Ligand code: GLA
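Given next, in structure tokens, is a single chain: the form predicted on its own.
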């Protein structure tokens, strides 16, 4: 079977006429629970997945990054390393790299040198599984490792987050943090205020299923930034720095000073933080009944209070819930919203039951098929000298 590594290696040699001398890989992620809490300083519970971005590279004895994007019909770009790097006017994919590069140049100057790079990934774009974070972390960790910059993994994640802002997306830290810091067979509970990381073991008798609605979401320029502004507005009205610092009692004290939409946005975040902490404990104990209750409650909150689901993801959640039964329906929409994927935590014997139910019922809701795949919790960014 041809892997993304094989394809990427072949493309590198064909483009640059030499063998690469280094290899980097960073995974995408799926978030079990904790949606839109990260930029509010709250808690999230993602795991790295077995799909990600790989890069083969070789120093080119210049101050230029020369990069081939295999997934973009072998699109190619070159840019000079500097503390100010202009965004490319049309190529979004390379702006993630430019956003990472200027920050490392700002900190390390001419210790950051030119590379020839080929990139290939298998995270479905637009699925809400963090293909962009995987790309940023992969590139940042490659530069750090190639030139012995020794940038800590959480700093690599923060550089990736800043690269999103450079492009126009004010995202939280979750996606980059799990791509950089993932651990095999563990989810990672991330405290997005202190950046504290807590390993949460995935029980061996549970399987993580990802159901792609194949309704693509596009977060840059979407309603994502509007949701963030609503959260900041609610925090400001309550006089707290972040919604992480609020409670439901405090929110209800200020309810009359907020419009209904702002109140509901804040209610989602505050209650979601509580759910993450309870779900972490339930997951590690293998308490599927409690996890099911919390994940479905999270979905309802995203649907009704935060309003980021769509009929296709709502439909997928209900199909899975019906197939598994209420007591075992650990299922919800995952990712930024407005399309993308649904995540389910299921017993191995229920995987085929879920697949058959989705195959039988989803197309009537959406007019298209869903794509279903299993994943284990995987390791984060890894560099290999060849």
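Numbering follows the first chain given and starts at 1. Only a predicted model underlies this, so the values are computations on that prediction, with no experimental measurement involved.
Quick note: we don't show the form predicted together with ligand GLA, though the next part is all about it.
- Look at 57 to 65, 35 to 43, 316 to 324, 339 to 347: in the model of the complex, residues with non-hydrogen atoms within 4.5 angstroms of ligand GLA sit in 35 to 43.
- With a 4.5 Å cutoff on heavy atoms, residue 99 does not count as touching ligand GLA in the model of the complex; it lies far away.
- By the criterion of a heavy atom within 4.5 Å, residue 224 is counted among the residues contacting ligand GLA in the model of the complex.
- Looking at residue 146, you'd find every heavy atom of it more than 4.5 angstroms from ligand GLA in the model of the complex.
- Although the partner is absent here, residue 173 lies within 4.5 Å of ligand GLA in the model of the complex, judged by heavy atoms.
- Just one of 237, 202, 277, 169 comes within 4.5 Å of ligand GLA in the model of the complex, counting any heavy atom, and that one is 169.
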